[in-house]
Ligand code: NAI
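Presented as structure tokens, the chain that follows is alone, the form predicted alone.
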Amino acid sequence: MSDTQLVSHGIGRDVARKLGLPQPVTLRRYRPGEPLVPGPVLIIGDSAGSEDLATSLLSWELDVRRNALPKEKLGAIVLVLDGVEHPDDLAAPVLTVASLLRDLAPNGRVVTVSRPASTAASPAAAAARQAVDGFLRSLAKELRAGATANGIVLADGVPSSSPSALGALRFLLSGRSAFVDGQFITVGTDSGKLPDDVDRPLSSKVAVVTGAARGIGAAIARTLHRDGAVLVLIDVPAAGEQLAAVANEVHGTALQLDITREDAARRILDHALERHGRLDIMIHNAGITRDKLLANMDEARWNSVIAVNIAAQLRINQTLLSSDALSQAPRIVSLASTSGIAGNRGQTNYAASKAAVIGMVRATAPLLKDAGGTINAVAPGFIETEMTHRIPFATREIARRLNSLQQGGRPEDVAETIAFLASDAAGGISGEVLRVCGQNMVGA
């Protein structure tokens, strides 16, 4: 039993109450065959985009409403604000949501759909669009019972019915996004393709996952396999036995390799081509920590973290981008961290490397555009792994509570987000950083 389960059940719950500890709910996570949302979906808005979304969601066989019935529990509220031109335009739709929040089901969803402030035609429109950001992030901190609030930002000219807008909406409504809260997904182009089989959106895709022997990497492998991908799993020789076990479990192939080697990229590509003839998806998960206060930092600790966490990714990406072996519309997803966004005491080397990942992703996105490819980063917060379980209990308990969902995430939460960004449905999303942190109280 995890510490989070301990304070939510039985004697542990009673002790937690006396100590004043939060008692988090069990989050709704994705299970194939289960309903997308736990009740009707209410769409609020009067723009053409709201009508298009309603039509699209009806095709998913959801119970879509334009008006709520009294006291009926809602599975989700979709607030379409893609046409706001002035802050005054927000009052009516926002206050409508306010009147319905008590009717939101446990583990329900609120999703906004808006446009970017940076491209607004007037200061008033920019103000209204930016206001959505503050509204949404604040609402996410008010929701309870496992409910989340997230937003989709559509670049000007991208319709709400575009494949990636619908793909992002399906992800945010589903249990796949259980630990994504208070975040925005920007859809930059009218690209992508919705899957024929929503339970196997990566069917026959060839994916490489580094650092796959344990923890988040193993969860990524299992999730991509469940979604239909063919896998090449990589980890250091010292983890060979665990790597082989995961590879056998997901019917993939194992490649024991130190990714900091100069020839690592070529060996990865050769292995993928020899076994599968192509490479569709590259997941950069491998990473290490060598924590020390900067005053005590030495060259070995600094250099080793930079070498694994960012320099290796740069070399591998350069080789892949210069190769003609990549499939059409390749997907690259890198693991960043909330430490790279907000910083963390004793982690100057790690935070620098993860911030560097974000910079790399944003600069690489334009290089993949002509090929229809994408690159994105996922930034986990506190995730329940073997590493975090070694943190002293009191420190760990505080760390896992510092988010709106008041609990730590699971490796599969990170994996679900990666699987979405690796799918064809995310073809219009590139250069983005999506946090999987339960809306951690640090950073944006």
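Residue numbers run from 1 along the displayed sequence. Not measured: the values here are computed from a predicted model.
Form predicted in complex with this ligand: not shown, discussed below.
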**Item:** Options 271-279, 235-243, 198-206, 154-162; stretch whose heavy atom lies within 4.5 Å of this ligand in the predicted bound form
**Value:** 235-243
**Asked** Taking 4.5 angstroms as the cut-off for heavy atoms, does Asn150 touch this ligand in the predicted bound form?
**Response** no
**Request:** Evaluate Glu61 for contact with this ligand in the predicted bound form, applying a 4.5 angstroms cut-off between non-hydrogen atoms, and reply yes or no.
**Result:** no
**Asked** Is Gly108 close to this ligand in the predicted bound form, meaning a heavy atom pair under 4.5 Å apart or at it?
**Response** no
**Asked** Should Ala54 be counted as a contact of this ligand in the predicted bound form, where contact means heavy atoms within 4.5 Å?
**Response** no
**Message:** Going by heavy atom distances of 4.5 angstroms or less, which of Gly373, Gly287, Gly192, Gly252 would be at the interface with this ligand in the predicted bound form?
**Reply:** Gly287
**Answer option from Ile341, Ile310, Ile259, Leu172, heavy atom within 4.5 Å of this ligand in the predicted bound form** = Ile259
**Request:** Between 337-356 and this ligand in the predicted bound form, list the residues on our side with a heavy atom within 4.5 Å.
**Result:** Ser337, Tyr350, Lys354
